[in-house]
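Coming up is one lone chain in C-alpha cells, specifically the form predicted on its own.
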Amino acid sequence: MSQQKPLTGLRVVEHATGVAGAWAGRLLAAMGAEVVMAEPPSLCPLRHEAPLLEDGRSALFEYLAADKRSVICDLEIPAGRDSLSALLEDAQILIDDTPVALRARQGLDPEGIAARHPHLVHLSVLPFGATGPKAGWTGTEINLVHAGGEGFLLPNGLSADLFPDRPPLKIAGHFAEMQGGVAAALAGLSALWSGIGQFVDASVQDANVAVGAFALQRYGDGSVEHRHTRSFRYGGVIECRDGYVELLTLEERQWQALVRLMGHPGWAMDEALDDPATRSARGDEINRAIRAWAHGHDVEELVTRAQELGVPMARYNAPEQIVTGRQETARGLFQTLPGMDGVVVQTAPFRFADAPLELRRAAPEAGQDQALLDLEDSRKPRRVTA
C-alpha cells in the first residue's frame, strides 16, 4: 500500500531552468504533489547538464525530474501562454525562475499572475531574488556558493590539513542551489498554509547566507572566519588505523565520555582540563593526543564504542560507503532510480512514516504529459461569434 503523503492532491506547476527551482519542485513531488514541468520548445536546459550518463541523458536532470510530469508550453506566443494559464487554474503553487526582465513578456509577471490566479502561490526562485538592486543578476553554482560566504571557508577540516595551499573552493555538486531550493520549497509551503494566494520571493544567496549564520555571528566580536581557522579547537576529522572518523564534543558530558572512551589517559586527568575554556585554549595539544591514540584503533571499533558511551563520533565516509552504510540501509534512504539500473539515489531528505519514501516514476520524456494541456484547454469557455 502506498503512503499517504501530505501534499497528495495538490498540483505544482514548475517553470524552471535552474537547479534551485527544480529541486524545490522535486521536494514537493516527494511530499506527494503532482509536479508538472512546463518546458519551452527548446526544453529544460537541465536535460543537457553534466554529468551525462552513457546514453547521453543528464544524471542531474534524471534525479531532479523523477516523479514529475512534462508539458511543452511556448510562452513566446499567445496560445502557449493561454495553455499555461489554463494549467494554473487547478494548481496551488507556481515555481518560476524566469529572469525578472522576461516575466511580463511571457505572462509571468507577479501582477498579471495575481490578477488571473488570485488563489495561486507564485514562488519566485532566483539567484539574488526578484527585488532589490541585484534582482537582475544571474549566477551559477560557483557564484552562489561564494556569494553566500560558504565558498570562502572551503576547504576546511581534513581537506585544509591535507591541502593547506589550495584556494577557496565550491562544494561538490550543487550545494548552494539545492539550499536555495530547500528554502524556496519551505517558503512556498508556508505561503500555501496561510490560505491565500501571494507572491513569494526566494533568493538562493539569502538561503546560503543563512547556512553560514555562525560565521556572521562572529563579526560581532570582530572575528572573520577563515578556512584554516574555522574549526572547533579539538576534534574534527581524525585518522584511525583503517580510515577516518569525525569527532565533535560540544558539551561537558561528551568530553567526559571521550575521556572514558580513551581509557582515562594521564594527560586528560589534568585538572585544568575540567575548564572548557582551558580545553579550547589547549585544543592543538589535545588534538595531537587524540590523533596519536586513534592511530591504534579501527574505525568500526571506535565508532561502536563511542556511540555506546554517548561520544558524538561517526565514520568519515568514502563515497561508496554512503549508500552501503548500516544506518542508511536500515532506514532505506537510497533507491534505484526508476528505469535506470545501477543508479542509486536518495529518495528524499525526510520521511512521513516508518516505511521509507519511494520514487514512483522516472524523469518524463519531453512533453510526455501533453494531454494535460489538452484537458485544461477543453475546460476553457469557448468564444461564440455570430
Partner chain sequence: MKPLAGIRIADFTVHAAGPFCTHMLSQLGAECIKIESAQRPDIFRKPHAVYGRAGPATFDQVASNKLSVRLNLKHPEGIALAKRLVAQSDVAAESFRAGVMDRLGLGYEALRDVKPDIVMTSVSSSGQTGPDSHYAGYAPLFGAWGGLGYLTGYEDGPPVEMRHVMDHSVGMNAALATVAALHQRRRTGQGCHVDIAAREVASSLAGDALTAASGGVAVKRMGNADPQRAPHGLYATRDDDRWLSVSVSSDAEWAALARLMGRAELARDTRFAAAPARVAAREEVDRIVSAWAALVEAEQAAAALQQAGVAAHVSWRACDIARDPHTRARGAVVDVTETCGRQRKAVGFPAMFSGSDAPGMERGTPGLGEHEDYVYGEMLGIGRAERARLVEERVIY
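Numbering follows the first chain given and starts at 1. Just so it is clear, the model here is predicted, and its values are computed rather than measured. Between two forms, the rigid core is defined as the largest C-alpha subset superposing within 1.5 Å.
Omitted here: the form predicted in complex with the partner chain. The next part is about that form.
Note on the partner interface in the predicted complex: the residue among 263, 266, 132, 296 having a heavy atom within 4.5 angstroms of the partner chain is 132. Taking the partner from the other structure, the partner chain in the predicted complex has no heavy atom within 4.5 Å of any heavy atom of residue 78. In the predicted complex, no heavy atom of residue 99 sits within 4.5 Å of the partner chain.
Residue contact with the partner chain in the predicted complex: residue 103 places no heavy atom within 4.5 Å of it. Under a 4.5 angstroms non-hydrogen atom cutoff, the partner chain in the predicted complex has residue 221 among its neighbouring residues. Look at 82 to 90, 245 to 253, 69 to 77, 266 to 274: in the predicted complex, residues with non-hydrogen atoms within 4.5 angstroms of the partner chain sit in 245 to 253. Three-residue candidate spot 29, 38 and 115; no residue lies within 4.5 angstroms of the partner chain in the predicted complex by any non-hydrogen atom. Shown here without the partner chain, the chain has 187, 189, 190, 191, 192, 193, 194, 196, 198, 199, 200, 201, 202, 203, 205, 206 in 187 to 206 lying with a heavy atom within 4.5 Å of that partner in the predicted complex. When the rigid core is held fixed, the Cα atom of residue 305 travels 2 angstroms or more between the shown form and the other one.
Positional change of residue 251 between the shown form and the other one reaches 2 Å or more at the C-alpha, relative to the superposed core.
Residue 66: CA moves less than 2 Å between the shown form and the other one after rigid-core fitting.
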